[in-house]
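Given next, in structure tokens, is a single chain: the form predicted on its own.
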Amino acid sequence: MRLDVTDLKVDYHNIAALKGISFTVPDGAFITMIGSNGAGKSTTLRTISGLVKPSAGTISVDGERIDRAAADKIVAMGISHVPEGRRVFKDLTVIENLYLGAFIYKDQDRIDRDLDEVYSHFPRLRERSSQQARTLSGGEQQMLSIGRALMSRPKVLLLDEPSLGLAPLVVQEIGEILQEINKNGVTVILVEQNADLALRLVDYGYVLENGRIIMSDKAENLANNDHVRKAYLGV
């Protein structure tokens, strides 16, 4: 699924959060958006997924505009959003959380097949399927949040700060799983404060500052760019 964002603007209470950004994500790509807090990265994801409405500009998937569509319709079209902070339903079990991700489907056989696929990516979720989500570690809750998004069979997966607050080994494991999901044909858009991690995982990246895209290039080129290295990689 190809995603086209054109001259996208978003205002929060008369403050410009996005100031006319444009970019294209080809079908099957794995891209990242890096930048400091307040640069507009999360706003971009929230606008694509329909949680925020733009003040101007367009968002299209395979040529069909979605920028005025309801969030549930956007999910049904094949776009799933893993928000910052995991936001699992802590009083529900792992499997109940996962079933909620399949709310657009009624075919139980299909849902069960999707559940098996999620468990193939995250075996620990199978082991803990009957546990309340609150009993999981932070890393396991992040896996659950990603797994819940996968239950809608997305063609585009939006991820907001999946490494936040997690141990390095868990971050590495989740990164490898995201690469595996992408290799299975899912387009992935990753927002990350950890720019070093992001640029090691993806093919292409965008740098946002103050609601604008100031730079875009192949990930390896961004990782070697002097501005990116000083501003976001700490070298």
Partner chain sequence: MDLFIQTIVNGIIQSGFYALASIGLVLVFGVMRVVNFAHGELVMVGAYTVWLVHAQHGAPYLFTVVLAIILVTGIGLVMERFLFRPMMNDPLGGLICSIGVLFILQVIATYVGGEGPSKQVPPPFEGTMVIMDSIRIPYQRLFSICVSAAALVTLWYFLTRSTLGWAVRAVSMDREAAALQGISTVRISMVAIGVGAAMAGLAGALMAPLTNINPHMGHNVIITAFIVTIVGGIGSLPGAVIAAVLYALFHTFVTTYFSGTIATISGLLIMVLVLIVRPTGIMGHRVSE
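As the structure is a computational prediction, the values presented were derived from the model and not from experiment. Numbering follows the first chain given and starts at 1.
Keep in mind the form predicted in complex with its partner chain is missing from the figure; the text below concerns it.
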property: Heavy atom within 4.5 Å of its partner chain in the predicted bound form - the one residue of 32, 187, 194, 49 that qualifies; result: 49
property: Its partner chain contact at residue 92 in the predicted bound form, heavy atom, 4.5 Å; result: yes
property: Distance check, residue 127 to its partner chain in the predicted bound form, heavy atom within 4.5 Å; result: no
property: Residue 110 within 4.5 Å of its partner chain in the predicted bound form, heavy atoms; result: no
property: Partner proximity in the predicted bound form: residue 164 to its partner chain, non-hydrogen atom cutoff 4.5 Å; result: no
property: Site test, 176, 200 and 230 vs its partner chain in the predicted bound form, non-hydrogen atom cutoff 4.5 Å; result: no
property: In the predicted bound form, segment of 203-211, 22-30, 41-49, 59-67 with a heavy atom within 4.5 Å of its partner chain; result: 41-49
property: Residues from 64-87 in contact with its partner chain (non-hydrogen atom within 4.5 Å) in the predicted bound form; result: 71, 72, 75, 81, 83, 87
